[in-house]
Structures are given as structure tokens and as C-alpha cells.
Ligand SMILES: Cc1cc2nc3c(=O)[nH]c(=O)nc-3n(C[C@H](O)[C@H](O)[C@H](O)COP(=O)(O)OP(=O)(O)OC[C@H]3O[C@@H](n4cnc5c(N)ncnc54)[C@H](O)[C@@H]3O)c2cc1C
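Listed next as C-alpha cells is one chain, alone, in the form predicted alone.
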Amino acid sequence: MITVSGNNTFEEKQACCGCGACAEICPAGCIRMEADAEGFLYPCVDADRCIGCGLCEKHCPVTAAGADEPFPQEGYIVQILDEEVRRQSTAGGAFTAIARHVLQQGGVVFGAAYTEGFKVRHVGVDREEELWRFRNSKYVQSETAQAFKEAGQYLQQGRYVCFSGTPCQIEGLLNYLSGKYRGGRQRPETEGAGEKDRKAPECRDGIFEKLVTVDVVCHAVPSPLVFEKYVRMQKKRFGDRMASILFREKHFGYKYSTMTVRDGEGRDLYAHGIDTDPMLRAFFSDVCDRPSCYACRFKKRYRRSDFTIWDCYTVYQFDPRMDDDRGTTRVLVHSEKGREVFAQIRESLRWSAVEPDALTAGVREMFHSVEVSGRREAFMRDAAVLGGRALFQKWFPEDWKVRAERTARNVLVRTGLYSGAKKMLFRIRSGRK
């Protein structure tokens, strides 16, 4: 619920995912998204202009989040046949295949991309040559509100739109569109239907007919402020040579991806994995996540998107022939529209059908929120005042243990033993012999 304090700022921070749907749906234009001390966006309300219509609360994805109600799904593991695209992609390149299909229909594709200064925002592109902007994960919350408006305008013009994002962003988009443009159903009529008869949430009416939505299974979204400190730290280290930052570069292969800094010629200046890169260590320590991520309302299997996509490190469990350490994507298809699209892109993919129950089994990020770290409050307090180098050296120093772990991983990778070691670790964690 949007509440206003004496300073006209949002108070219940665990109840806001920062999608910006409230600001875009407001008929009085009295809501704007502003960053707090941690760098996360929240609605700021001009109480004097508010007309009390309640549309902001009605279309908030957090307050409107539905239950995890079963409906028929299809599951796949996929690899795009374009090997250069797969190399550039975080996993198997499934999103590019979907995006290409939409562009071929004269459509527009929206996704998270770097803008000036490595800010992460949702942007729309209508040329295949620009799809590279959406490849490779960005472990930082993107700004989406303006993209919601632009997507709606393209749909109103009769163009196809593909929109990718985290589950909360996709729900925010659908809520915004359903409120802004009448004629699109948010949910199917399933009252009285048995589980076999229940259908996936479809948006096939009006402008929704040409909307294809893709959500990514999300661990959590870290603070843009912390990433900004990281960027400044790397900029001081590499200066004008730093041209790009890649969160999930396959420097050592898919199973041990790295945070990579490259120059303008595409040469790697820096490539460190989860064991030593301070931004990745902060992210996976859950010390800098958005407050709503600790009580996420969208951790569920049955979703309103057309597709859900995520990593498949354990591809060998489903189809050993596809286990080449170059990247594989799990794809969960939720809707009839999604099935139609997948049928049309199959020729561009190497794929194998997997029962949805097996595909989603043990995927913690799909069902469980991250836990609040006991160090979060102190870390974020330091993030507000310290420079990047001082912040990361204090909280994630590269001591002898960190260097030893990096050396051990590198040895395993170079000797070809890393993949086998990860398989063994997975079996131990899953209780297999």
C-alpha cells in the first residue's frame, strides 16, 4: 500500500518492488520515483495533487499478487544454434530466439541494458543488431517505468512487443497495461474449474494480443548504489580503457562465469569469479538486496508471463548430449501464446522437452526469498558514505583464503576437472549417491 509520510515519501519499503507502475498509472501525475539512501527507487507522492482515486494501489503488483495456482505448462532446455549469440548470452540464448521472432513480426523488444555511465534501464529496440544489449545478466535493479509507457504505446499502434524482466517487473507491466488500456484481461475466469481445465493467465484481448512477456528467475535485485560504487572503483583502476562490464562472461566456461571488464577492442582487462569479485560476493551474500526481495511475493512456479527462463547448470541430468559447458537455458512455457511462439522458434534451437515438475525441482530461487543478512544494515550504512574501494576492502577483502579458493578453481578449470567437481557437489547437496 502506498502511504505518505510528512516528507511525502514511501514508508513500507518491503511492500514496494520499485517497478514504477503506480507512477505511470496515476491520472494526476502526482507520483514520481526517487532513489532512497540505498539507491532503490520508491514512489514519492505529492499529497496536494493526489485525487484519491486509488489506482496506484489497485495496480500495484505487490498488493495484487495472486496465489500460486496450478495450470498446464510445458518445459524445455534449450540452446540457440547461433553459437556466437550463445557465447555472448548468460545461458543458452533462449531470449534472443524469442526476441528475434518478435522483431521479424515488425515488433519492438524491451530489456535491461546499460545506458550512459553503466546505469541499468529498460530500453526498447527494433533492430536485431541491438539485441546484444540485453545479453549477459545485470545484477542490479533496472528502471522500468518509462518502458511500461513506451510498450503500451507500441501495442496501441498495433505492433508486437516482447518485454523481459524480473517477475515483479512483468507483473507491474501487466497491471499497468490492464489499467491504462481497457479490454485486456489480467487473469482468466477459472472459478469452478478443475485443475486440468484451468488455463494459464492469458492476455489475448485488445492490445495484449501482440504482447509477449518473458520473466527471469530472480535471486534478488542488489542496490544500484552499490553497483555504482563498484563501477567507480573499476574506473579508477582501468581509466578510459574500461569500455564494458559483463556480469556473467563465460571466460572460463559456463559453469564458472566471471565478472569481466573489457576495453574497447574487446580484450579482457579483468575476469574474476564469484569467489573473488567483490560485487558478486556482496550480491550472493545478500547484504545489498532490495528490502522487498526478502519477502518476495513472486516466488512461485505458475506465473502470468508467457515464458519463464533461467540457468541450467545441471543440463546433464536432462540430456547429457547438450552438456558442453557453453550455456543452456531452462524454459517454462505458461500460455497458449507462449506455446505458439516456441513452436515457431524451434528451428533456431537445440532443445529437449522436460517435464515441468522435473525442470523446477530443487530450484530454490523460484520458490524462496533470500534471507536477510545480519550484516546488511551495517553494509548499506557504509555503502552510503564510503567509496567503492574502501567499502569492498572493508567487507570483502581479498585475503589469503579468497586467493586460495580462486587458485583452486582456476586449477580445476584448466585441468578440465571443474565440471566434474561441480557435479559431485550438486549430488552431495541434493542427497544423491
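In this text the structure is predicted, and so the values were computed from the model without any measurement. Start at 1 and count along the sequence shown; that's the residue number.
A second form of this protein, the form predicted together with the named molecule, is not displayed here; the remarks below concern that form.
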> Heavy atoms within 4.5 Å of the named molecule in the predicted bound form: does Trp310 have any?
Replying inline: yes
>> At 4.5 Å between heavy atoms, is Gly172 in contact with the named molecule in the predicted bound form?
In response: no
> Would Phe95 count as a contact of the named molecule in the predicted bound form, using a 4.5 angstroms cut-off between non-hydrogen atoms?
Replying inline: yes
>> Check Tyr139 for me: does it contact the named molecule in the predicted bound form (non-hydrogen atoms, 4.5 angstroms)?
In response: yes
> What is the one choice in Asp36, Glu398, Glu365, Asp382 with a heavy atom within 4.5 Å of the named molecule in the predicted bound form?
Replying inline: Glu365
> Arg248, Arg339, His272, Lys255: which sits within 4.5 Å of the named molecule in the predicted bound form by any heavy atom?
Replying inline: Arg248
> When the named molecule is placed as it is in the predicted bound form, which of 228 to 236, 215 to 223, 314 to 322, 272 to 280 ends up with heavy atoms within 4.5 Å of it?
Replying inline: 215 to 223
> What residues of 109 to 126, in sequence order, lie within 4.5 Å of the named molecule in the predicted bound form by heavy atom?
Replying inline: Gly111, Ala112, Val120, His122
